[in-house]
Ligand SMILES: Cc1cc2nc3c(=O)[nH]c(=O)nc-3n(C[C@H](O)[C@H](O)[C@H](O)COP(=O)(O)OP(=O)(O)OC[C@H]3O[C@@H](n4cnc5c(N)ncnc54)[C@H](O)[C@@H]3O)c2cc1C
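Consider the single chain below, provided in structure tokens and representing the form predicted on its own.
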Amino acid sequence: MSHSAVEVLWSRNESPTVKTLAFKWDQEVLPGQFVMVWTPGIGEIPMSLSSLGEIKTITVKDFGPPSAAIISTNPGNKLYIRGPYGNHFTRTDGKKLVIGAGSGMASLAPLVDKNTYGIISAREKSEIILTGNFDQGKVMVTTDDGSMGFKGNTIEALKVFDAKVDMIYVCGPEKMLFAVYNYLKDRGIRAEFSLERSMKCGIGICDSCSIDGFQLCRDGPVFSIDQLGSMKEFGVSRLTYSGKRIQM
């Protein structure tokens, strides 16, 4: 499980708590796959890449010591990365809708092209990121407090979304994924969901990311809407970092 040392080329603030860092890495990564990013002496966390070209990026939210250390890495300093791991989204050339909540938009960003619509949700304006990836008029923003876009949630946005699409991709907190799944499940729409759960190793040893016998690091993190339909734990319970099962 050796790490590649990559130099941070530049960084950009996306919001008060989210930053994008860019680096060169000669490794193919597919949309939806993740890497493990290590900060020596602090810890290691899984992250999806937010762009996959010659210059790759990660878009990081500050939610604990490892992510805070990654965010504070200045241009010219090193990040330590291993991977990529997991499966990936199924690409389509047709029209598609990406639905992201908070920092979940980072995983979806590589899918965005001229045929892509977006629904981006957050609690407030300061948490909305990556709207500039979409062509004008193709992204809908919703916030819980109404500080940007319209006041409401993802499902309320879906109810007024009127474009016909060939595929829907979803990433964000599991409660949001569960709500979107329930809204879509009987509508005959192709959809893929990227799940986010506690992950320690990234290679199927620790089992902390398991859900109904699947391991997100090896069998996911991307699952089809049909696969989610067979998961009794989806949207209901999960394992904490220490291995305790808790209700959502």
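Everything quoted here is computed from the prediction, not taken from an experiment. Note that residue numbering begins at 1 and tracks the sequence as displayed.
The same protein has a further form, the form predicted in complex with this ligand, not shown here; the description that follows concerns it.
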How about residue 31: is it within 4.5 Å of this ligand in the predicted bound form, going by heavy atoms?
no
Report yes if any heavy atom of residue 64 sits within 4.5 Å of a heavy atom of this ligand in the predicted bound form; otherwise report no.
yes
Would you check, heavy atoms only and a 4.5 Å threshold, whether residue 196 touches this ligand in the predicted bound form?
yes
Non-hydrogen atom contact residue 44 with this ligand in the predicted bound form at 4.5 angstroms:
yes
Answer option from 106, 128, 177, 99, heavy atom within 4.5 Å of this ligand in the predicted bound form:
106
Output the sequence-ordered list of residues from 207-229 with at least one heavy atom within 4.5 Å of this ligand in the predicted bound form.
221
